[in-house]
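This document starts with one chain, in the form predicted on its own, laid out as structure tokens.
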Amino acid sequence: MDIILEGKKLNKSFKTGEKKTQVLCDVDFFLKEGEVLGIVGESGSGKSTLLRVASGLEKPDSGELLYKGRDYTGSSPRQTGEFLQILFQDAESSFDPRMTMERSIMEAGRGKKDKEELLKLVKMAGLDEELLKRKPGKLSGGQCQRMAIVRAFYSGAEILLCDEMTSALDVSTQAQVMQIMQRLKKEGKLSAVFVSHDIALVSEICDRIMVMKDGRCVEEGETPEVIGSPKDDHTKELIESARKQSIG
């Protein structure tokens, strides 16, 4: 599999008054075509910032971003939207509250007017096409999240960046969203970076796992290897915490 997305020596800091906080420290990552990469870590580990940098929502202080080997460092979200889409925890706020779902999704298609493809994607997401006539405030959180997945695929994006996309959902709705992701992966349609604090959830869908702590990557490898034989103490702590939660 070819590498479709890559970050090299990425650094990012934020300044609050006189205080400067380094959020990313020389972070490297790569994503292969047709692969799902999981990035896990506690709150403040830098995982969401890494996704925002990769999407163009934040500019790195230094380092390189590559799409299919071509440098896109410093590109705006409008430019990166041609090949990637980011899915957030609060999907509803990512839609214009004044627009119907159909109009919002059609606009993401950049002039494409393929209603047949749209209906096919809505069906794939397990949604009723009647929901396309509604505005985001009239959908549940799970319905909005699945519509966000529909929009991402309708836009023609090759890469999904998922930032804690299921953490605001209840368990059954979370399972529905994950089933869609699993189906897309099985069909070979999914190249994604899946960011979560939940290592158990990540291990269900991801081919590889990258563990972050204090803005650095402390461990990376194939999912069975990282889960079965973790090398870093922080990875061991995350796995043990997930195990206790599942028992509790």
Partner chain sequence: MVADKEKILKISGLSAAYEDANVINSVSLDVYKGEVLCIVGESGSGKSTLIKAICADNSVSVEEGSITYKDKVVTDLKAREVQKLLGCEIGLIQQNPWGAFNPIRRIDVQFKETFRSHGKFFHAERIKEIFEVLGLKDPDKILKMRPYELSGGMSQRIAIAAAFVLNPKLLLCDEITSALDVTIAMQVMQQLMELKKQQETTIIMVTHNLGLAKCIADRIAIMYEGKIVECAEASDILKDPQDEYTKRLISDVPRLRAI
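All values reported here derive from a predicted model rather than from experimental measurement. Positions refer to the first chain, counted from 1.
There is another form of this protein, the form predicted in complex with its partner chain, and it is not shown here; the text below is about that form.
Let me test this: is every residue among Lys185, His197 and Ser203 within 4.5 Å of its partner chain in the predicted complex, going by heavy atom positions? All of them do, each having a heavy atom within 4.5 Å of the partner.
Which residue, Glu107, Asp170, Asp71, Glu82, has a heavy atom that falls within 4.5 Å of its partner chain in the predicted complex? Checked against the cut-off, the match is Asp170.
Using heavy atoms only and a 4.5 Å cut-off, determine which of Glu33, Glu64, Asp61, Glu42 is in contact with its partner chain in the predicted complex. Partner contact (heavy atom, 4.5 Å) among the options: Glu42.
If we take heavy atoms and a 4.5 Å cut-off, which stretch out of 187 to 195, 25 to 33, 217 to 225, 53 to 61 is in contact with its partner chain in the predicted complex? This holds for exactly one stretch, 217 to 225.
Test of understanding: in the predicted complex, would Ile247 fall inside 4.5 Å of its partner chain by heavy atoms? Answer yes; at least one heavy atom of Ile247 falls within 4.5 Å of its partner chain in the predicted complex.
Heavy atoms within 4.5 Å of its partner chain in the predicted complex: does Ala175 have any? Yes.
Taking 4.5 angstroms as the cut-off for heavy atoms, does Leu10 touch its partner chain in the predicted complex? Although its partner chain is absent here, Leu10 would stay clear of it in the predicted complex, with no heavy atoms inside 4.5 Å.
Would Asp232 show up as a contact with its partner chain in the predicted complex if we use heavy atoms at 4.5 Å? Asp232 lies outside the contact set for its partner chain.
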